[in-house]
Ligand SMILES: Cc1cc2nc3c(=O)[nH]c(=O)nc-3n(C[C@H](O)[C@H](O)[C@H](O)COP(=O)(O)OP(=O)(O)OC[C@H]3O[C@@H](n4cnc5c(N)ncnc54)[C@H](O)[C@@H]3O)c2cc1C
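Listed next as structure tokens is one chain, alone, in the form predicted on its own.
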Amino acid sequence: MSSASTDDAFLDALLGACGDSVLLGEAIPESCHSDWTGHGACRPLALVRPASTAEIARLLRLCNEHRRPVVPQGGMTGLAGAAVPGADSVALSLARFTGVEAVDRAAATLTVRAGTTLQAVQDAAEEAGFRYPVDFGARGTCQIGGTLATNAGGHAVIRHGMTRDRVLGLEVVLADGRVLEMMNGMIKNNTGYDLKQCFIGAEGTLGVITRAVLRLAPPQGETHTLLCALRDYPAAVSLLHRLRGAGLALEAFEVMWQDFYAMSCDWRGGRPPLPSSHPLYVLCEAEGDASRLEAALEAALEAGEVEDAVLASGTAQARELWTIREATAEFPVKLAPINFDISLPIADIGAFVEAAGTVLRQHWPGARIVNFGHIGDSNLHLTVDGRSLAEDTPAARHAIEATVYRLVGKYRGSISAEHGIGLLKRDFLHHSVPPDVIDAMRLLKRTFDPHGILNPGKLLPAKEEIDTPDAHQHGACGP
């Protein structure tokens, strides 16, 4: 751990270099102590809020010279602990580096600074006659830099891909202050290594993303919302292929198991749109001719894949149907959630849900488990309610995580579909990533950040990640 005198000398240098952008002590807001998980909440040694790429480069150059850890922070809406600072680290907030710089209507691209919220990007795209299709509930708070650093997903991945699929160019500042200007605005640009992909999803461990060129999509056409009750999981897969084969553009295909649907409808109150006695439910949003959707639904009913259905008559009813799926926003209040964001081969998701439920209840009798997912892109969300456990302790939670992630490895899945690794999943990475690949990731880390100052302790399992044993201790309140 660094000494008080060393901290004082560094802070003098930091104030001299960054001036009014620096906040210290009680002036650092609690919102910068942890992300939405609340994990390992800690006040950093300093919070710096630069307003330009040049200021960010100056800050990183100084921290690199002093071997000071830097933790990049966006809107703090992450769910893996990737933005949690340590007691002697510098938290780097991009909140002041905001703004949409340009919209290129000819190329259907948008150039933006990293601190800009997702909502602001979506609004700018819409104003220009396009849309930015990456979307999820934290749109008004999360920042574009954070969505890039975590390769964020959302319900529209089935059609538009993950965040990395919407990126043409990046500007990145490396640990030593060098600025990589990769602000390409063309879809076709085959000029060697596509370095920008190294930084997307790297959670700020390789460099700090400062600006981006994003691909936009055309405005959404006529869209229809459908809620179906199904007999089993294979029927959901059949329905997915049937709708795709009908020539419909699927914007969302959300599967809710009975446990999730019944709980959500109970929270909403009133009469559920479909009885909660069915094994499975699908909430589908499709763009295209309504007659094609109706014909596909009729065929699915005749085949016995769909047992009951509600086709929204308008925007208001569609919004009501979506409130069932969006009950997840209430998880932190109404549950003590142990959340899993995993990917599995689509054909195996149903079997995994059964296997996970069986093994969890064997070890934790009475455990309440709810399941939902975006199965068109292989993503399952499984949640265990800590309140249903005999003892909701850190040890019990760790044991549950170890149990689920071992099973994910057995099914050759991914321990993180869209939320990232951060601190919370770091020690389970080996269930999805082979040792040689982890070693290659460490090699990349040492190449871009040889002194290990950028977000140390995140993403990669513990090993020789830093150059000196005491350079980056997180301090008493560190994770």
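As the structure is a prediction and not an experimental result, all values here were calculated from the model. The numbering used is simple: start at 1 and walk along the sequence shown.
The following text describes the form predicted in complex with the ligand, which does not appear among the structures shown.
Peer 1: Counting non-hydrogen atoms within 4.5 angstroms of the ligand in the model of the complex, say which of V384, I342, V255, A114 makes the cut.
Peer 2: Exactly one listed residue reaches within 4.5 Å, namely A114.
Peer 1: Between the options G350, G373, G207, G86, which residue brings a heavy atom to within 4.5 Å of the ligand in the model of the complex?
Peer 2: None of the others qualify; the residue that does is G207.
Peer 1: Okay, which stretch from 146 to 154, 302 to 310, 403 to 411, 178 to 186 lines the ligand in the model of the complex, with non-hydrogen atoms inside 4.5 Å?
Peer 2: After filtering at 4.5 Å, what remains is 146 to 154.
Peer 1: Tell me, yes or no, whether C284 is in contact with the ligand in the model of the complex, where a contact means a heavy atom of each within 4.5 Å.
Peer 2: C284: no, not in contact with the ligand in the model of the complex.
Peer 1: So in the model of the complex, does T109 come within 4.5 Å of the ligand, heavy atom to heavy atom?
Peer 2: Outside the cut-off, so no.
Peer 1: Verify the contact flag for D449: yes if a non-hydrogen atom of it lies within 4.5 Å of a non-hydrogen atom of the ligand in the model of the complex, no if not.
Peer 2: Because no heavy atom of D449 falls inside 4.5 Å of the ligand in the model of the complex, the answer is no.
Peer 1: In the model of the complex, is there a heavy atom of the ligand that lies within 4.5 Å of any heavy atom of A124, even though the partner is absent here?
Peer 2: Looking in the model of the complex, residue contacts with the ligand do not include A124, since no heavy atom lies within 4.5 Å.
Peer 1: For the stretch 69 to 86, return the residues whose heavy atoms include at least one within 4.5 Å of the ligand in the model of the complex, in the order they occur.
Peer 2: Heavy-atom contacts to the ligand in the model of the complex: P72, Q73, G74, G75, M76, T77, G78, L79, A82, A83.
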